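Take a look at this one chain, the form predicted on its own, written out in structure tokens.
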């Protein structure tokens, strides 16, 4: 009966080792994704190098679900550029076109006014109360490229949380049951 006990212990040891290996693999994947994201932040100079267009305000140029790639350089922002900006008091960044630029004579800093291509008026109603221009610290980056429709995955997961939980459960099950 001693060899059966040794065999059971050996099987348990192998199962624990497999679980630890899978856990380390999952940790490496998550860590790699974070490192890549931070590297992109450094390379692009943008706090968020990739964003998803969430509304129809920039149609026909960008549609809901498009992914934009951002870059932020020291060069002044000019009219016609598409920027992604944060407004004080709002969590979700906005993707719109710069329609006016105002250079301050005293500091040389540039303030901008934005508008969605599909919107009838400028964005002053979207800005914080009493704010008429965006300053550089509001702008996360300039759009330098895009992938059409790829961001729909993010939109669906955000708008339908049950799908997010199903995907997380399926990925977790895949990690647990995979034999490496």
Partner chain sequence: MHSFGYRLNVLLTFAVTILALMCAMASLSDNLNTPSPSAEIQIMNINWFQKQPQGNDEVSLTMNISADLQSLFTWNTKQVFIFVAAEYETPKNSLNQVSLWDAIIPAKEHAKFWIHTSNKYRFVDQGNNLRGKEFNLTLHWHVMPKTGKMFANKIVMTGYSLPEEYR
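Numbering follows the first chain given and starts at 1. Computed from a predicted model, the values in this text were never measured in an experiment.
The next section is about a form of this same protein that is not shown, the form predicted together with the partner chain.
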Report task. With the partner chain left out of view, choose which of 26, 153, 34, 147 has a non-hydrogen atom within 4.5 angstroms of it in the predicted bound form. Result -> 147
Query - Exercise: residue 101 in contact with the partner chain in the predicted bound form, heavy atom 4.5 Å - result: yes
Query raised in the report: Given that the partner is absent here, does residue 115 sit within 4.5 Å of the partner chain in the predicted bound form, heavy atoms only?
Result: yes
Query raised in the report: With a 4.5 Å heavy atom cut-off, would you call residue 111 a contact of the partner chain in the predicted bound form?
Result: yes
**Report entry** residue 78, heavy atom within 4.5 angstroms of the partner chain in the predicted bound form
**Finding:** yes
Report task. Report whether all of 71, 85 and 127 sit within 4.5 Å of the partner chain in the predicted bound form, measuring from non-hydrogen atoms. Result -> no
